[in-house]
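Heads up, the chain below is alone and in the form predicted alone; it's given as structure tokens.
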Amino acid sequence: MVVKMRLARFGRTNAPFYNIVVAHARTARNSRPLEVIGTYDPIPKRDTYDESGKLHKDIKLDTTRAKYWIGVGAQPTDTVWRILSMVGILPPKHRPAVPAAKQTTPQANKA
């Protein structure tokens, strides 16, 4: 049976909060998972310990368990892949398109 790493939504209306879970692919989104390996809060908040006032999204993840599940063949969804790439476990899946550089052909200047 296929095992997936995905998000399970919790929280109120307009205030989402997600658990990063490992579950069988055919189970419902909020049913009981095999394991909860972390949390993700997508609402940007200020860091109380940082003086710069930058906003950040809170990600708490058990990296050893995430690496284990990837190693045994769990398939992360696109959103979980993005979160794991932010943490540094997986490489980025979709890289932004790099515009083609202007190619200049050397022309002989006749003077």
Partner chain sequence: MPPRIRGSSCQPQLLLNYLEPAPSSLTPSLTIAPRHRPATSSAPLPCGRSFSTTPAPQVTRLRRRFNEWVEGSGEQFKEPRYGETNYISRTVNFSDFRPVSPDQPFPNNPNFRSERVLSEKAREMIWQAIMVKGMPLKAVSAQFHVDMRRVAAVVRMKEIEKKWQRENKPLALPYARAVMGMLPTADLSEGEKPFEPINDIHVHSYTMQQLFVPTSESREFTRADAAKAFGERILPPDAKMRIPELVQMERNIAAGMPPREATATFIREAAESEKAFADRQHSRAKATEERTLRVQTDRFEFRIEKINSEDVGPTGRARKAVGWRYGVPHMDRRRGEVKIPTRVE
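Numbering follows the first chain given and starts at 1. Treat the numbers as computed from the prediction; the structure is a model and nothing was measured.
Unshown form predicted together with the partner chain; subsequent notes refer to it.
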Taking heavy atoms and a 4.5 Å cut-off, does His94 contact the partner chain in the predicted complex? no
Is Ile70 near the partner chain? Define near as a heavy atom within 4.5 Å, in the predicted complex. no
Taking the partner chain as it sits in the predicted complex, is Pro33 in contact with it (heavy atom to heavy atom, 4.5 Å or less)? yes
Trp81 within 4.5 Å of the partner chain in the predicted complex, heavy atoms: no
Could you list which residues of 7-25 come within 4.5 Å of the partner chain in the predicted complex, counting heavy atoms only? Ala8, Phe10, Gly11, Arg12, Phe17, Asn19, Val21
